[in-house]
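Just one chain is shown here, as structure tokens, and it is the form predicted alone.
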């Protein structure tokens, strides 16, 4: 059996579930929004986790799950959690906490364990790991020193600023109007990077396989180009074996069975890595290109 955890209607969960069913797999879905009708009981028996997942009127032995795909949303932000009684809210929080603990110790293949996702919570930390595996990182400055920022901008001419943490942010090019807000960095260091010419490539790594998507966009951040009236086009792309190997080794080093790696290919043939996403929203790329990401992920879960 394959266990899927998250919001069933969300693209990544829905697509991999559909792919698994087409392959003849038996799937069980834990819907976070229905936490009131779920219970997880487990303990160590002979040094191995053992127990049951109860969903509505059905019970499933935890030992029967061979592959698990997790895409948990923040449980505290669930509408049902916010409107629940104090007792039910406590149940929901305890249930999620029990899930997170069990997923760390189960013998099943978990895509991905929460402990492996933390590198993305600190972009500077993750960039140090990226460099160890043969991928370049853009010239970067993290500072609250205005003089250092001015020197960095003078050196690279065009620069962008972005989030340092795992919280999603929109990448913006530094513009003249941003000068008015520069004094604010005195209170909080900001990450700046050189704006590199070229095109973006998202590489989804699934085990030992890679599926790459080329992104052509009129915006600085292709995910939000439409907000400025721009366009983004996606197409399947073949990356060099050396780049694919580096992505596979990097994903494995981070303990990830499944990752989304963001690259920039520059006109002079260099390849730079921006970050590694440990919980990629792959359905956006599959919907636009038809690439078999969900099928590849389903096969990986079944053969784990």
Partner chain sequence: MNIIFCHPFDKDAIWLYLELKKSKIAVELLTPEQVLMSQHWTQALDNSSEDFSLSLHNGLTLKGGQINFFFNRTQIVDAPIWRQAAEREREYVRSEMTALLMSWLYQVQQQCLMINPPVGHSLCGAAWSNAQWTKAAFDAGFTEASAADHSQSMDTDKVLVVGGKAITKLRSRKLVQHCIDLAQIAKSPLLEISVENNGNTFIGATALPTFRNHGRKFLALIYHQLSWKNP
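Residue numbers count along the first chain shown, from 1. It should be emphasised that the depicted structure is a prediction, and the values quoted were computed from it without experimental measurement.
Not pictured, yet referred to below: the form predicted in complex with its partner chain.
- Among heavy atoms of residue 42, some come within 4.5 Å of its partner chain in the model of the complex.
- Residue contact with its partner chain in the model of the complex: residue 198 places no heavy atom within 4.5 Å of it.
- Though the partner is left out of this view, residue 158 does not reach within 4.5 Å of its partner chain in the model of the complex, counting heavy atoms only.
- Its partner chain in the model of the complex comes within 4.5 Å of no heavy atom belonging to residue 171.
- Here the chain stands by itself, but in the model of the complex one stretch of 77-85, 172-180, 186-194, 209-217, 186-194, has heavy atoms within 4.5 Å of its partner chain.
- Taking a 4.5 Å heavy atom cutoff to its partner chain in the model of the complex, none of the residues in 274-304 make contact.
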